[in-house]
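Here we start with a single chain on its own, the form predicted on its own, put down as structure tokens.
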């Protein structure tokens, strides 16, 4: 090709490019986002993955923004997010949990969303509690995608086999032990009444809340004593020894992924989780599932509180802060985004979103909405956010609880170890 011909092609190409740019500028929503690419990262399960990807694809179709999607299970998620954040390579859109929001925000790794101007987020249809749940030191660092509470997920078929058609909201720990024990007798050594909840730090928190105590105080100290830990471990030790709860070798394989819970694997009739997770559990379980409040003692506080099931935050390192915020706006307020997500992440905080979803709710959806409404009537106050080091303590609970369950430490020794190490973690955090 001659130089003259090449110049001719370049001139024509420039003209075509200019014409295309002009045409794109005529299309609403395309010019501003042309060439924009975002990364979105969340922890989840197959159902959440499918819904989230559908919502992001719908956003791309409407606004032209490419959004790469990535998800992992709960445990692996936080390890990878920590590594990416430390390396300055955090995703633009970060699914955030209330327990980690304050830690990430105070390390200046999240963007203060209310600092954007013009403001792309409209939270007018959120209640005050939901709106404020994403604030740290008065600034908005996360937007709640759903509201939930802890819940007992149980297999209704197995319950009916021992004559229990439903669980009363006032059921006690004694009721729990009796029902779980009866279910364990149906298929001895292969199926149990419940999974072992001694390993779940949030289960311990709930146990403390029922006794008017906190897991962590507002100034980041332990809100519990060694005796509280002893009572917790002792409760589950007795349940294991009675055969009501799955043994250590079953409990230790629960990684926190939905498919690893005892209800999902068909090894127990009850698992302790969160209300929004019943959707994912039911997608795996063969029998019909239901949710209930945790067992309690008569006259004690419920221990339940309403919390943002998860929030969506934006990395402080993003190159497209306004566009990332617009994606959040789409997920919480646009009918297409709202319907794509459904209530798998919990009951939407927006009253408008709730109204948009109401006609399409199936039985599981209605179950969640009714459960959150019922819990709201007896809920205790939302506890202070977990302090820095809480993630380490969560892993500590898993490790020490397993040590006790396998008989490698006594209840008292395990409680002392957990309490001592937890205080040490908090002191250096």
Partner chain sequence: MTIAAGTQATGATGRSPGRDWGRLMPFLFLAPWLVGFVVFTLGPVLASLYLSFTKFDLLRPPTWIGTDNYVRMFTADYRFVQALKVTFTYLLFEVPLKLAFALLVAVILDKAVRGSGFYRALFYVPSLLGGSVAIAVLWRQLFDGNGTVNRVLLWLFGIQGPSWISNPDTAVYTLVLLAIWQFGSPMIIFLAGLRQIPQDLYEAASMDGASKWRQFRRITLPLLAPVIFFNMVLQVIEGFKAFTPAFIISGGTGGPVDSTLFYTLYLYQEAFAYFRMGYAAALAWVLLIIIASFTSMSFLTSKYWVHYEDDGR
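Worth saying up front: this structure is predicted, and the values here are computed from it rather than measured. Positions refer to the first chain, counted from 1.
Heads up, the form predicted together with the partner chain isn't pictured, but that's what we're talking about next.
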Legend entry - Candidate stretches 137-145, 270-278, 253-261, 154-162, one within 4.5 Å of the partner chain in the model of the complex by heavy atom: 253-261
Legend entry - Contacting member of 60, 399, 37, 50, with respect to the partner chain in the model of the complex [4.5 Å, heavy atom]: 399
Legend entry - 166, 79, 352, 283 - the one with a heavy atom within 4.5 Å of the partner chain in the model of the complex: 79
Inset, instruction - Mark residue 99 yes when one of its heavy atoms lies within 4.5 Å of a heavy atom of the partner chain in the model of the complex, and no otherwise. - result: no
Legend entry - in the model of the complex, residue 107 touching the partner chain (heavy atom, 4.5 Å): yes
Inset, instruction - Verify the contact flag for residue 133: yes if a non-hydrogen atom of it lies within 4.5 Å of a non-hydrogen atom of the partner chain in the model of the complex, no if not. - result: no
Inset, instruction - Mark residue 421 yes when one of its heavy atoms lies within 4.5 Å of a heavy atom of the partner chain in the model of the complex, and no otherwise. - result: yes
Inset, instruction - Could you list which residues of 402-422 come within 4.5 Å of the partner chain in the model of the complex, counting heavy atoms only? - result: 402, 403, 406, 408, 417, 421
